[in-house]
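First comes one chain, alone, set out as structure tokens in the form predicted alone.
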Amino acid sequence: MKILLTGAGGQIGHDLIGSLSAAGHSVTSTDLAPRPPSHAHASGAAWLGLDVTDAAATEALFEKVKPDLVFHLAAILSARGEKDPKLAYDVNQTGTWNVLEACRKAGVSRLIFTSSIAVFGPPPSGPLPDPTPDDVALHPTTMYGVTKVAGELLCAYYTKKFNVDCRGVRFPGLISAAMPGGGSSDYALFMYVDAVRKGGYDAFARNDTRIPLMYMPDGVRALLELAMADRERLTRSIYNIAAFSPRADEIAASVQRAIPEAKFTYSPDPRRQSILDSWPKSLDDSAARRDWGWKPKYDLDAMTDDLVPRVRRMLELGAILSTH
């Protein structure tokens, strides 16, 4: 199968490219930036420059590649998006429109859209249900969330209007050994990274902060399973998916199982904490489990057992260079 990825240089693309290539697919990876060093394992996949905000360039590339399946990953995440809302709008809103139009014109039959828990926000009538189901009123508090809501609606529209089979997941905060790209859930990964490289971490979230999280291997598997699911089995375009919802201090305790000397403190950043507080504490993913058999493999401690050695290897290789 010919598969094209937008935003392949980000956190999800790092693992998704490898899984697709290992399965024998012909993968074309696109991003505005050059191939990152951490993506060297996927050297067999083509890497092309693409700015999804450029409609003509996007249409031309899709027409040239003629992919059977597109994973639309290009996005500006929540924390970075609040610093530059126009950039977030241009990439997330206009970029998604351009990609869907390119799919329509090039005859692409299926697109996988990556949405987020950032579509949720505190409703005027009170807190979100816990767990939060697929269908509640959406009141996002960030430009990232606003554009993801619009992207979800565009997916449903293009499916009904133009027969572009657009389906997607609302990701929890994703954690992997690849460095994140400016999301508000980044504190969770840095609890691992800085425990290894510095012996501790001063989190920008309160110790009682609780949001849905997921280990990247489960996130990639969810994308692949949804991409290959029979359309007849699907009752909706966008699905909640869930794994675990720990407090920040529960993450710390899990890390300390592997690194007993690690020390953690908490200095909440008001801007990012307000975003975290607007999100669900946990997600109801019963529709995904029913329709396409979704089920996570990793809980918090299983993730810790797998992730800490990976972070150590990435640091030894010099692949984790970012600061925060």
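Just so it is clear, the structure is predicted and the values come from calculations on it, not from any experiment. From 1 onward, residues are counted along the sequence shown.
This protein has a second form, the form predicted in complex with a small molecule, left out of what is shown; the following refers to that one.
Residue contact with the small molecule in the model of the complex: Leu111 places no heavy atom within 4.5 Å of it. Contact annotation for Leu50: at least one heavy atom lies within 4.5 Å of the small molecule in the model of the complex.
By the criterion of a heavy atom within 4.5 Å, Ile12 is counted among the residues contacting the small molecule in the model of the complex. Proximity of Leu32 to the small molecule in the model of the complex falls within the 4.5 Å heavy atom cutoff. Only one of Val220, Ile76, Ala243, Ile238 comes within 4.5 Å of the small molecule in the model of the complex through a heavy atom, and that residue is Ile76.
The partner is absent here, but in the model of the complex a heavy atom of Leu174, alone among Leu174, Cys155, Ala248, Val196, sits within 4.5 Å of the small molecule. Proximity to the small molecule in the model of the complex, taken as heavy atoms within 4.5 Å, picks out 164-172 from the listed stretches 133-141, 225-233, 164-172, 101-109.
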